[in-house]
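Read on for two forms of one protein chain; each stands alone as structure tokens, with the labels structure 1 and structure 2.
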Structure 1
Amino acid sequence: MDPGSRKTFDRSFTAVGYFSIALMAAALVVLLMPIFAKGSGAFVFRGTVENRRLMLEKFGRGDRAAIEAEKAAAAAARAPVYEAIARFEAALDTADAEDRRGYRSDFREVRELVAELLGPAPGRQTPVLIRDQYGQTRWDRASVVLHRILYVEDYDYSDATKMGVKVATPRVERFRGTALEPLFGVLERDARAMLRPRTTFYWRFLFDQSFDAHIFGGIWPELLGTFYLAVGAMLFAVPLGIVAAIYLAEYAGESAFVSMLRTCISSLAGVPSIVFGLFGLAFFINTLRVSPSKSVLAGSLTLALLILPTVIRASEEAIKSVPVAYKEAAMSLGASRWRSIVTVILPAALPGVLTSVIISMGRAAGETAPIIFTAAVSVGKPLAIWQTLSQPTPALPWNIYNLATEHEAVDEIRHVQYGMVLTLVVLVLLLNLAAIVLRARVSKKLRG
């Protein structure tokens, strides 16, 4: 190639290199932006009077007098709605069979939607399911339900070349001329007064238990479970890992045994996480019977196996990077090899080891596959420490999956899913940040 082409090639390759880095950074941004944006919606949102009622009745939080006043004000705004419903019902009773059949299903739908929006009608029995005891607690969800009351959604299949198009017709047309007609206008106009939305900072989302399969409440059982699992994994993996690292760094030679050992450690690192999960089930639970069935203990043991290779590798590196001069100085003062390792080398390697421990904790907190069969359940109470030996627990990773796929009301609890994802991401990123900061201070400390 002529020099000009070579230079052009050089420049364009450089540009492509920058481009790939930019693409990676963009991927990170694209990934994290919706999580942070929508996840914060679990913590900060416009909460309705129903939410405050929930907080008072289920969690004992809030100013009773103020909330009672609000309830009264809301009830006043809602009165026309229930009046319209009552009048229509009475009219329906006296109407002829044909009319009744025509309106019945539509009317039922409207009644159910109003109950979904505002909660049980005054005078009715308290419903059994908690989710039916309250109207919409969030204004964004309330708007969706309101829309469904005001508009009927149908699909228009008239155009054969395209997929069915969604068409929304105002529901009030169906009830033109009846006692129910004013209901729609009132709802559209006064929904705010009926629900009284207010910006709420629900930081207790992290610490509240959940009610009725996460329809209400927070994610404390999941957070606690994740904490137990990660710390438990650490308790098993760190001592084992550090001792193994000391052996590899200070005592092991270059024998065939050591070579095989290193290969095994790296093979362990390559085992797929789901295989670890199966092994945990088959070995810890079915064979060793560390617990009658799923438990935090079994999950921690399985996770410990998963992160063990990382802890060993990173600790060995940390120990090896301690300058040899320290060991020489210690031994020249008459310390035995073990003594010099314990009193000089390990303390010097500790920050490096700690860094790897923190990162491994983040990994253990985020892994799902190993805990599916060994520790995780979808619903549960926060465990006390002694229960971890025998009881399973909800955990953030598993419940993120569960709520996003198998839950009955997947769309309704989107904010909870995003909230869980945000919590997990922030948790892991904070841990990694701590490790990075620690690593920066390590080199400073060792070099003075």
Structure 2
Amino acid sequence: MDPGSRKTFDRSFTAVGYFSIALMAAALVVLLMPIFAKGSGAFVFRGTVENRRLMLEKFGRGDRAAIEAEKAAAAAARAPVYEAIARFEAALDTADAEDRRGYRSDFREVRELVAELLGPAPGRQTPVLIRDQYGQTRWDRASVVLHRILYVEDYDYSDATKMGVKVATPRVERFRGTALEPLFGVLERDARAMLRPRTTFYWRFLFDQSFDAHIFGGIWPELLGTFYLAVGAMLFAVPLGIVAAIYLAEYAGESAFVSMLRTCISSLAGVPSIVFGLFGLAFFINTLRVSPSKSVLAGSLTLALLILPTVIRASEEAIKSVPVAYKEAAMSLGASRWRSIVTVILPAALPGVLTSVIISMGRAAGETAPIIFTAAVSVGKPLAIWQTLSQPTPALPWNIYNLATEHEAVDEIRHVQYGMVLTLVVLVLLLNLAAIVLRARVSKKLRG
């Protein structure tokens, strides 16, 4: 090939490489930006006086005198709402049966929505569920509930050629001329005075326990459970993986058995993770009985099997990449094969080995399927280290799935779901960044 054509091809491949990198970066931005934007809502939001009440009563945080003053001001703003409800209830008691039937269901809905927005009315019995003891703690959710009070959403099917069109009708029209009519104007005008929203930075979202199935509180049990599972998996997988890599790279040689062994390891790396989960349930829990039922120990062993092929192959390649001269020099000085591996080859291969270990740890932290059957539960308290041998734990991957698909108040806790996703993504990104930095530092140290 003449020099001109070679230069053209080199430039073309360079351009394609840059374009691929730009395309991947754009895809990452498109994927990660919504996660960061919506996930940040778990940490920074406009909290209401109900949120500050909750923090004071459940976590003991905040200035009690200031919060009591806010509660008094909010109660004064809410008084006209409760007075309108009380007057309408009294009028309804004296109305004829037909009027009572006509208003009963609509009024019950209004009263329930007001309780959802502002909390239980003064003088009423304290509800059992924590979610019913407080009004809306976040202004964004309060705005949604307020809209539901002020408007009734329905569908207009008048045009037979089109699908139904959603229309919002003012709810006040259903109560025009009654004692409840003023309530809607007061809510629309004074909602901010009743809830007193202000910007809140809730960094303890990472370290607080949840209340009432994640309606309130943070994700500390899930974060700690993820840490236990990932670290436990590495404790089992890393020693076995490195020893297996040393055997394959330095002792096994070339034979049909070794070729079959490498093929099996490569095949295990491609097995769906749900299969590992079912195997962990059948082998570690039902056969070996490492724990009475689900436990962090069983989940860690299952995750260790999942990442073991990756650790073996990456470590083997790192060991093989060490120049043969290193081993020959060590053995020429009288070192045994094992001593030369431990003192010369492994330190030289350390950057690659550490990279594989940390990347495998990131994968273990983000896996869902293997822990469904072996370790994860939807709700639980933070575990002490000794409890990991026999008890299950919440974990970020499983709880993200669970909250998004099975929670009864899925729309009310979107910020928790996205906050968990953001935390998990940042955790995995930090592990990968740690692998890059650690590899660079070790390589620089080895070069002297």
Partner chain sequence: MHEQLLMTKGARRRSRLAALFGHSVLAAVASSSIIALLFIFYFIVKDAVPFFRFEGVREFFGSVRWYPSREEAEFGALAIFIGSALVTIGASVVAVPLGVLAALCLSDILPFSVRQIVKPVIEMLAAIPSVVYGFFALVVFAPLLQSHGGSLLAAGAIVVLLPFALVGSAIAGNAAGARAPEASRRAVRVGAGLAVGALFAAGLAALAGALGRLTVGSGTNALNASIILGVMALPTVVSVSEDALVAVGRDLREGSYALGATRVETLLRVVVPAAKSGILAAVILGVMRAIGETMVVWMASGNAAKVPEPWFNLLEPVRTLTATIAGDMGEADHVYGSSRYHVLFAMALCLLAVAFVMNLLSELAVRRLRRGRT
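Here, rigid core means the biggest group of C-alpha atoms that superpose within 1.5 Å across both forms. Residue indices: 1-based, along structure 1. Quantities reported herein were computed from a predicted structural model and do not represent experimental measurements.
A.B. asks: Eyeball the pair and call it: which is the form predicted on its own?
C.D. replies: Structure 2 is the matching one, since it is the form predicted on its own.
A.B. asks: Using the core for the fit, does the CA position of residue 30 change by 2 Å or more between structures 1 and 2?
C.D. replies: Indeed, residue 30 is displaced by 2 Å or more.
A.B. asks: Two rigid parts, two forms: what's the rotation of the smaller one against the larger between structures 1 and 2, in °?
C.D. replies: Domain rotation angle comes out at 23 degrees.
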